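Take a look at this single chain in structure tokens; it is the form predicted alone.
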């Protein structure tokens, strides 16, 4: 039976002596999915990614690439995996084309196929016109695109990208985000980690959240939100500017908790039921505060991350 998953992680555990870096982590990535891998520093993201890329051996568990065990046949798995680490070496005395040609040879590409493939990845990563530039003079953003181009040379079906946007300026992050989205549209399964959660929110179809080596949640942002939050966030803005009076009035409404200022208004938590929202709004309308905006809001990725993690390191 053909597996529906391009990448399947089953109960991965990794110990370094008595320290458990990753503890029984499981998740799946389908072809065309872009999954954001999220966790605090030291959560075990890089260790998990390295095990998925066959660069670390797990103490327990398995990684399946298109239904086949990467532990039983790592060489076959590597032909289907493209791994972009968070730090990597470059050869400063080579040009972009020479650098990519070197790795294309290492991947076993020969003759016209090698030249055509190098040209295609240069064009896809928008490095065309820069082929003769030395790697040493490239900007951080160009080097990131060059490393992504190298990762794509053997046409992998699974891409594992560890902090690809680290150190990029806003334009570089936007350009990289569009490249990752394009890879998903081409049917690649993408697992990408980042501390820039707003970037992940704009490109990911689902998330995997870990902390202290253990899985906290997995699924689409909407699914994880529904499973993890019993409260709804509601944004309200008033004509009045009396913050203490506003906060007091909100907290006196039935079911309201955790009132906090946000972008010219206030955010509060409640159960989110239609009946409760109607009662709260009526109470506010009857007050002297004159609400001008009132809307239940879906949790964003940052709020979801904060609600599911404690910020502790191992």
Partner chain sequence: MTTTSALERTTWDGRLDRWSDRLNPIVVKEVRQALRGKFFQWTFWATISLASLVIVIQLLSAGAGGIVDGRKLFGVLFGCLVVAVHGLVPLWAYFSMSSEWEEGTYDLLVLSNLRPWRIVTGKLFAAGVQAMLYYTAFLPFLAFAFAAGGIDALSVAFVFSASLVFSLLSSVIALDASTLARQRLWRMILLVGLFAILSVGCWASGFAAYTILTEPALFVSSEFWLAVGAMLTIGLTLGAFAACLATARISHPEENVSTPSRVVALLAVLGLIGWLAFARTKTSTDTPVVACILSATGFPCLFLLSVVWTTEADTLSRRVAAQVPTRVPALLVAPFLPGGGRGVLFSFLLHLLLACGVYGSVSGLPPASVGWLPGPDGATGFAFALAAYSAIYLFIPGAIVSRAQYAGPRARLVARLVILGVLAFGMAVPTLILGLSGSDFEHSFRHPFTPVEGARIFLEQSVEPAQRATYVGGLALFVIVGLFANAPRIVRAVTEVREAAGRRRAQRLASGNTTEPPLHAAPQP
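Quantities reported herein were computed from a predicted structural model and do not represent experimental measurements. Residue numbers count along the first chain shown, from 1.
Note that the form predicted together with its partner chain isn't included here; everything after this is about it.
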Options 189-197, 165-173, 83-91, 215-223; stretch whose heavy atom lies within 4.5 Å of its partner chain in the model of the complex: 83-91
Contact flag, residue 62 vs its partner chain in the model of the complex, heavy atom cut 4.5 Å: yes
4.5 Å heavy atom contact, residue 141 and its partner chain in the model of the complex: no
Contact of residue 238 with its partner chain in the model of the complex (heavy atom, 4.5 Å): no
Contact of residue 137 with its partner chain in the model of the complex (heavy atom, 4.5 Å): no
Partner-contacting position among 202, 120, 131, 178 - heavy atom within 4.5 Å of its partner chain in the model of the complex: 120
Residues of 73-87 having any heavy atom within 4.5 Å of its partner chain in the model of the complex, listed in sequence order: 73, 74, 75, 78, 79, 80, 83, 85
